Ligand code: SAH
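Coming up is one lone chain in structure tokens, specifically the form predicted on its own.
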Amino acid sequence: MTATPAWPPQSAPRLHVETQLGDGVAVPVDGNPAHYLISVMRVKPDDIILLFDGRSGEWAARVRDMRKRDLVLECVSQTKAPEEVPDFWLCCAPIKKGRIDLIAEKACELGVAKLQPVLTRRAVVDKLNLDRLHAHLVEAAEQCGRTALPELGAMVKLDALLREWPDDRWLFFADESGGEPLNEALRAHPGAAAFLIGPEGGFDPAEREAIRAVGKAVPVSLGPRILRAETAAIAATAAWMTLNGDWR
């Protein structure tokens, strides 16, 4: 007896698009995404591509009107509903290019709702290529099956972030001078949250004092070892997802 083919095909390429998806919607694709589908993946007319736009879930789309450098994809059925995103922000100081790219990739894979770069006094980098970071978020979402794309905030100075901090969101921060054990702090403070990670040199004393002055700030310890900034960001996010997020 012949087995019923999987639907959608497990080998189908997956692509993020800006067009809002829905039944019968035609999605034009050109530029690098078209090159990837046509020249790298060698798609043919009537092949299935999985699409997501960050708000409409995931859709199976059929290849239509394929030309040398562009093609049109027609949505035929929804394969995943929009995901429920845990209300968690990752706020981190800018670090060297390869490492901040890693933070963006893993933040997306772990399910963060927002990635917020924060400029601190000891940061060795004072500018970020947000287009490149956004591309890393898109690529990670395509590969890990997310249907929502994390929001990427423009870089802000630490004092501006603290001045506008919402009073309904916990602000956990890795405090090298000491804080609550992480698991105890997370269990004691459920709900909407953010984690603030400093640069390689950590926060200076004035910054730590300013952070602690925020009413929703919770200083925490990330253990007895010195962690790189990217390691701290990934570990803290995973810990929050385990205790308060969608890993429970």
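Numbering starts at 1 and follows the sequence shown. Just so you know, these numbers come straight off a predicted model, no measurement behind them.
Note that the form predicted together with this ligand isn't included here; everything after this is about it.
Look at 196 to 204, 24 to 32, 56 to 64, 42 to 50: in the predicted bound form, residues with non-hydrogen atoms within 4.5 angstroms of this ligand sit in 196 to 204. Interface residue among Glu139, Glu83, Glu74, Glu176, judged by heavy atoms within 4.5 Å of this ligand in the predicted bound form: Glu176. Residue in contact with this ligand in the predicted bound form (any heavy atom within 4.5 Å), chosen from Ala239, Ala12, Ala229, Leu15: Ala229.
Proximity of Asn183 to this ligand in the predicted bound form: non-hydrogen atoms within 4.5 Å are absent; the residue sits far from the partner. When contacts are judged by a 4.5 Å heavy atom cut-off, Leu222 counts as touching this ligand in the predicted bound form.
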